[in-house]
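Given as structure tokens, the chain that follows is alone and in the form predicted on its own.
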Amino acid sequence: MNSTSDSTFRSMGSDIRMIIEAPLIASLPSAAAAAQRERAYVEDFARRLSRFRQDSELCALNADPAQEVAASLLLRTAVAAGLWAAQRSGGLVDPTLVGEIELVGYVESQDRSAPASLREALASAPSRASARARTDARWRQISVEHDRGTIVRPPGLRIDTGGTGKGLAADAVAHRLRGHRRFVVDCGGDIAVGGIANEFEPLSIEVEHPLSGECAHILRLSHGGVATSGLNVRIWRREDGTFAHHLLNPSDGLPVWSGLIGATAVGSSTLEAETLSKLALLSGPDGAREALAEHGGVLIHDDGDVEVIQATLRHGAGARLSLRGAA
């Protein structure tokens, strides 16, 4: 009987892949049973936090006219993760850009929609410039009150948990799988890695080049998280012929063209890696090097050049997994 489960399904607008080996304790569920349990968890997570479902808890929060709104632990945790990312990134990863992302054309889910040509978009993109945080820092007006089970924010200030949602989901599943020998949780390119077996045989993760689709670099990871932010996955042509994508400059609400088309970050958690990858891409080459200095990572420049910021974990290669650009 195969003691390893390797399953893939569609959720959160991405492919979700879970590789789970046998549990270390006999009383824990088998790898196959754990995979079924975690799929249900991710699908419930996505349903409750979707910006595109009017019946989601997130949409209900955004529509509520009260200043203080009762919220589930999941919603409070997701909003808190967005606020942490905003703080960590100096306001560049901003969870309050709902109106701005809708204005540039991202109103409905683009799940399974074919992306526009990144090469064509780069050829017609404006002058390259790093993103800047909003001067009013609207995200600072949001607070999560766990003791009261509420979220407080000015009525009408909408929140988007999508910028950190996949990393948070990967970390949550990883926590639930901590009793298994080895696990890999890939939420659309935001990957959590753990288990004692990885300490002896780290995972080799292929970073996809956003222009060629080929392997740009290999990262080796025994635990923690790795995430990629890229312009190639969610990019579209607007009615006026210009191109837009989902990574916005908070200061003007427009898609950022920073000189980078991809950034992969390593972190102590997947949420941290996801935040750092977005921070790097939004910051442009110079800021990205600083953003990735602590844990290391990979930058892909507009001209296709690949820059490895820092040596990654120096362990022997183990299993291999392709890492595509994430939202």
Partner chain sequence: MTDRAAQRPRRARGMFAALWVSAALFLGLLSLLAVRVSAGSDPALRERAAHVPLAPRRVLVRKIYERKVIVHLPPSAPPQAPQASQQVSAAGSYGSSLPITRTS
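Residue numbers count along the first chain shown, from 1. Bear in mind the structure is a predicted one, so any value in this text is a computation, not a measurement.
Below, we turn to the form predicted in complex with the partner chain, even though it does not appear here.
Although the partner is absent here, Glu206 is a contact residue: one of its heavy atoms lies within 4.5 angstroms of the partner chain in the model of the complex.
In the model of the complex, Ala170 stays away from the partner chain, with no heavy atom inside 4.5 Å. Contact check for Ile191: a non-hydrogen atom falls within 4.5 Å of the partner chain in the model of the complex. Contact annotation: Ser89 falls outside 4.5 Å of the partner chain in the model of the complex, judged by heavy atom distances.
Contact check at 4.5 Å (heavy atoms) against the partner chain in the model of the complex: all three of Phe9, Gln36 and Ser229 pass. Among the residues Arg234, Arg76, Arg134, Arg153, the one placing a heavy atom within 4.5 Å of the partner chain in the model of the complex is Arg234.
This chain lacks the partner; the member of Val184, Val104, Leu248, Ala71 within 4.5 angstroms of the partner chain in the model of the complex by a non-hydrogen atom is Val184. You can rule out all but one of 195-203, 237-245, 120-128, 93-101: in the model of the complex, only 195-203 has residues with a heavy atom within 4.5 Å of the partner chain. The partner is not shown here, but in the model of the complex the stretch 139-170 reaches within 4.5 angstroms of the partner chain through a heavy atom at Lys166 alone.
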